[in-house]
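One chain follows as structure tokens, the form predicted alone.
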Amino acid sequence: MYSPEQQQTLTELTKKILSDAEYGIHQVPVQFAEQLRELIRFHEWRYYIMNDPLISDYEYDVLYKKLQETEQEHPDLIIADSPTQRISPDISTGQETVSHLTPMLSLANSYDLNDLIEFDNQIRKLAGIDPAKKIEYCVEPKYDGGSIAIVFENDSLIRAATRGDGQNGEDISNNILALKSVPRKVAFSDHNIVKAELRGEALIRKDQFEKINAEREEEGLSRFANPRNAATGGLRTKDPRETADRKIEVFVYQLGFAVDSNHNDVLQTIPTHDEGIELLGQLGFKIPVNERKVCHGIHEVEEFCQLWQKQRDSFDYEIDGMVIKVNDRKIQELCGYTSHHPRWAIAFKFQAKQATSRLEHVEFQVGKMGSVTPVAKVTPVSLAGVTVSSISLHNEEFIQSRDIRLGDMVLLERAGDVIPYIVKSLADVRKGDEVPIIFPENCPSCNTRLVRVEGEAAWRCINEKCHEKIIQRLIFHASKDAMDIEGLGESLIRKFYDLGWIKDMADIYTLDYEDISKLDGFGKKSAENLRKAIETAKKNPIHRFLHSLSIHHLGKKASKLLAGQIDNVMDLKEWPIERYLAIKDIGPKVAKNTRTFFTNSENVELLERIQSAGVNFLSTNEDKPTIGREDTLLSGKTILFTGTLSTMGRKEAEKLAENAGAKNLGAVSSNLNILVTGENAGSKLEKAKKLGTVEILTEQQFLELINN
């Protein structure tokens, strides 16, 4: 439909409009409106037909809103085939289409919680509801998948279709029949329903999506951008077996049409939207359960939306917001519909997790183990509430497998709303001047020839005197994960290193605070605060100190295991390799690297200097092992925390459990003994109940158990 040249032109225009808030002001309205229409049609084609979007949902919404505003300011510009006058199409040319029994409308949406108050006021005005009365809303996830309509007649599934243009959709009946989550026979007749049309969303679990992409990479195919595209593409394959292979699941969230044998509307006998969903669940459909809530008043709605915005990443499926619907059907009828959406519903959309940007250049950074990591510098872009400009490219293999080039437009994502990464390069909009990324052969810091160990992806600098390598180890030593020296961050360590005050870890503990107080931006109080932080760090348990030494492969867990077996850090000087290997979960690499470190004369001299400076080398109560001990409360037990805890953070709870002898697990399995549930425990609680062997405790019960 669009040539490569057209796609390139439209992509460049998209970026221009999204990056320049004043762009539309300087354009002739009729031309600007037509530009926006063409861009929206193009991106709908990429999203729905090609299943390969070039922009994020948020960026699409920005373009759509600009067109809405332009048409509202100039009503004479509204034309019948404008994207604002219909629902986005997902009908592929040449496929058979069918008509929905009732229109599948879009939803009004907002990224601002304040808009929910305005929505609540609008409902009151439309339905004539007293301002003092709380309106009941049903809030459910806005699943990020493919919308479908499923028709049952005389208890049998007779048809399924994509959403299409809202009036007509693509017939996908054969593919839906291949999905185990959709029953083929349902007892609608028990509820006096002869014919029904259901609304649902086709989704792929996050873990299944990762498997699909891993398999595609092995086969030399491009990765899917997200689970939504994998699901929508799977719905419309010509072979139902491929649909089934993608493990697509369907959540049903609305009974949109239901009549009896006399064609009477059965929906009139179901008072609320929530009761309609419950009925579908009783009939055997997959419905939203713990992630759905009937809220009394708009403020309770806000709280529930905020809760799910925080915990969206712990959910098994992708959701990009929450849908708020008036629960009472009579009030829904009073509010009515526009041609685009029901007035009684709105979607509160979460901050975008994906965005597109241009890769401007790559920096190669040296880590504490000498590994050289390429870091992409992209045009700054807003992503999940923060501005992103730097993204790790991990290693040479990552760059080559994704064919990432300098100058590429790339699709970015923030995993867990924390770590940004590049999903893929957008190869089909290249201009031709993009160039391959050349990995250096020598260390960017000391120019030593880089080495690649067999079986590892990283190229490493093996020069132990490399300045950047030393600095990175000093930074890690003082970091929160290691010795946790408050105030001694990267910039200060680099400054002290350049001044010659810190050359190794031992120098940190013998700093001259009088000299520090004379530095620009410091003073006696700042120097004294730093002294106190370092003195506090000297008292740390030895497992923290062992971890801070940057011994390759010696992580937090292994450091704790070692600390639990010694009385003094210097005991490790005498340990043969067999002694390390005798400890459960200590492998050959950790054993070899740790022994090598503690038998190196330069390292031993460094340790002696650190010890002389007053750093604790003796085992503390925190270093003593608890897991597996017979005298501890939860000895031999496995435990998992789920939901939102009200009195403590997740890490604090896990530490309490560990100190009581339990082992923390990351998922529900047959090996789990105890599940501690907070608010909105979700799918893990349901899985634990199904197992029947897991002891389920509330947060309060867990605390009482620990305290006793």
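Values in this document were obtained by computation on a predicted structure and should not be read as measured data. Each residue number is its position in the shown sequence, starting from 1.
One more form of this protein should be noted, the form predicted together with a small molecule, which is absent from this view; the next part is about it.
In short, of 443-451, 250-258, 375-383, 481-489 it is 250-258 that has heavy atoms within 4.5 Å of the small molecule in the predicted complex. Among heavy atoms of residue 344, some come within 4.5 Å of the small molecule in the predicted complex. Proximity of residue 106 to the small molecule in the predicted complex falls within the 4.5 Å heavy atom cutoff. Taking non-hydrogen atoms only, residue 547 never approaches the small molecule to within 4.5 angstroms in the predicted complex. When contacts are judged by a 4.5 Å heavy atom cut-off, residue 323 counts as touching the small molecule in the predicted complex. Residue in contact with the small molecule in the predicted complex (any heavy atom within 4.5 Å), chosen from 327, 594, 147, 175: 147.
This chain lacks the partner; the member of 143, 496, 152, 209 within 4.5 angstroms of the small molecule in the predicted complex by a non-hydrogen atom is 143.
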